[in-house]
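We begin with a single chain expressed as structure tokens, specifically the form predicted on its own.
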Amino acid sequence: MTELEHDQEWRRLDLRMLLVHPVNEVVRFLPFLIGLFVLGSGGQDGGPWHYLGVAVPVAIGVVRFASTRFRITGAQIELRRGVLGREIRTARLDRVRTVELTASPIHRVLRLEKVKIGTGSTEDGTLELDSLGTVEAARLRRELLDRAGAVHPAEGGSADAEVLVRFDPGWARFAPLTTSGLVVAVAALGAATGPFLGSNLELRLADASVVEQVRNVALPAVVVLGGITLLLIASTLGIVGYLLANWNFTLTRDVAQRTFHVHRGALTTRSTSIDLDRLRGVEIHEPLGLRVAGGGRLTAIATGFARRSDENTAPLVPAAPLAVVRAVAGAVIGEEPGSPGTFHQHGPQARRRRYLRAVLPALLAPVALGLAAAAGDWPWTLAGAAVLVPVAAAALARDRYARLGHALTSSHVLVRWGSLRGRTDVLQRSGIIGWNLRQTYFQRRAGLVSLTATTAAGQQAYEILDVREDVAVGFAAAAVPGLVEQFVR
């Protein structure tokens, strides 16, 4: 008998959430409130509208708390919320795949945690209980993930849990080599310079002397100076964001080797449990920046996570040295994730397609840059760029083909692809539920097909690009015997 039987009556969320929901609503309405106060300050007295603008979000938060209830029966979880529009969401207990605990700073102060229950179904989505006490949330996760009560998920601080990897602050050196730092930097620059540009740019450009000075500045100097500035800002913000998201990152495995547990976060903590029964493989991410520095990332291919949502992916190792990533991948899947020599390349036709798809569009760049160089003030700079673009495209095509390959082990299918977004997918053969063969017009002329393995986990589709048709059919038959032979003519 489990403790879930005590949850069959309708219950409210933790009473301490009355200190959180109203604050969250005020934050959501913050732009409106700022406008209300700014517009109201033009007169002598804003009247009661200032206070009404704050009272409405607070009331919405209180009503949301009061109208939300949940219960857990012997077969399903039910969540009921809403006053005017009533919403009831359910999820069967035997469909629960993941239970994630998240705690923002205000949650941590109040000793609360947000519980996200995933079923792995696009129809059911995620059931969210915001929020329960830390003890209650841990108990609920334990019962939902292991209703038999034999083995509990490995907690980050459990003494008998096997630690597979622990965060090293030195890994922050890889943060500037990811795209997240650049995205944050561009957003920060836009927010910081937008008001300045809006109020001052037109006045400054109206001065003819300023325009003349700008025209006299060498373009390479402007580009180099701007690039260095953006690089420094992106690197700093990327490192800060990386440390906040991954501080105290710990991957553990319970003593029975049944459950993996990930704990991470400095301000907002997140705890995710992944049952071995729901694990279907791993993805080794090697984007170009990380690969040049010898780094990579590792995520799990597991049921219960959103198909293409970064928020709901299952991270196993953040940006870290590639040797660490590969070692953890081997410990998780139980075998070596494949060395470069184990992959079969796809032949000259696939190589030709890599070069044609990269170089042909790049040949348009010299034409455009040549016209600009003839009419502009920087002919040598643009002429140099016109030569470098096709050369860079050819180098990219060469790298894309070198990383294109597939392999088969006793338990897994390995797919390697990509240059700028390089990745190696290691998928359990037993988790493959189907094969798709797709052939475009140009692939048909080259005698190639794209073979896609379908599964109920991760991206749900893992594609092997540009292989010969007979190789694709033979590989699919060897990976999952009996699945495609009946359709072979």
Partner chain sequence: MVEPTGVLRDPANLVSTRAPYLWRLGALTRSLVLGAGAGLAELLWDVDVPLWLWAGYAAAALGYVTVMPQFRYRVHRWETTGTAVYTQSGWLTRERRIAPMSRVQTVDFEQSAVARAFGLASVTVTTASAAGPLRIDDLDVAVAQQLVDELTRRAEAEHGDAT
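Owing to the predicted nature of the structure, the values given are computational and were not obtained by experimental measurement. Residue numbers count along the first chain shown, from 1.
Omitted here: the form predicted together with its partner chain. The next part is about that form.
Of 420, 58, 461, 66, which one comes within 4.5 Å of its partner chain in the predicted bound form, counting heavy atoms only? It is 461.
Any non-hydrogen atom of residue 412 within 4.5 angstroms of its partner chain in the predicted bound form: Close contact is absent here: in the predicted bound form, residue 412 is far from its partner chain, nothing within 4.5 Å, heavy atoms only.
I'd like to know if residue 433 sits close to its partner chain in the predicted bound form, meaning any non-hydrogen atom pair within 4.5 angstroms. Yes.
Determine whether any heavy atom of residue 438 comes within 4.5 Å of a heavy atom of its partner chain in the predicted bound form, and answer yes or no. Residue 438: contacts its partner chain in the predicted bound form.
Please run the contact check for residue 9 against its partner chain in the predicted bound form: heavy atoms, 4.5 angstroms, yes or no? Contact check for residue 9: no, nothing within 4.5 Å of its partner chain in the predicted bound form.
In sequence order, which positions of 269-303 have a non-hydrogen atom within 4.5 Å of its partner chain in the predicted bound form? Residues within 4.5 Å: 278, 280.
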